[in-house]
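Below sits a lone chain in structure tokens, taken as the form predicted alone.
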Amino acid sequence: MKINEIIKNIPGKVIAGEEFLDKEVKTAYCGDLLSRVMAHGPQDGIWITVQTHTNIIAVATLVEIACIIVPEDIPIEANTIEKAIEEKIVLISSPLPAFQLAGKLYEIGIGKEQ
């Protein structure tokens, strides 16, 4: 499913990477410990995290994660937004808690076919 289809099904706002919403994703990962994401994060997938510092973009780039969703409308640092644009990572802010985001993503088919 393309990110632009996903954003229609979850409440959220694209913060960076609008030009990359046609990227295809099949799975997601929910976690905040960067070393775990480096080990288990999904290539070309979605990552849900409450972290907002620039290191999340570095990890996403390393793992080749297509999209990061920050839950609970947590403010995202300006440097992180700039780095997401530079690295072509879609960055989305959502009012939902991480648990509900994960459920909504699964409900629309993300992670069902791995």
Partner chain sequence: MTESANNEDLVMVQTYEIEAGNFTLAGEAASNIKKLLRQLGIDAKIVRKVSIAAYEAELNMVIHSLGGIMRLEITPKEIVLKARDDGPGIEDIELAMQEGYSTATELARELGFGAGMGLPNIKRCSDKLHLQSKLGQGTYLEARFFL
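Residue numbers count along the first chain shown, from 1. Note that this is a predicted model, so its numbers are computed, not measured.
Absent from the display: the form predicted together with the partner chain. The rest refers to it.
Using a 4.5 Å cutoff between non-hydrogen atoms, Asn55 counts as a contact of the partner chain in the predicted bound form. Interface membership of Pro71, defined by any non-hydrogen atom within 4.5 Å of the partner chain in the predicted bound form, is ruled out.
Although the partner is absent here, Arg36 lies within 4.5 Å of the partner chain in the predicted bound form, judged by heavy atoms. For Ile85, no non-hydrogen atom is located within 4.5 Å of the partner chain in the predicted bound form, even though that partner is not displayed. Note on the partner interface in the predicted bound form: the residue among Val59, Ile81, Ala66, Ile48 having a heavy atom within 4.5 angstroms of the partner chain is Val59. No residues of 3-24 lie near the partner chain in the predicted bound form, the criterion being any heavy atom within 4.5 Å.
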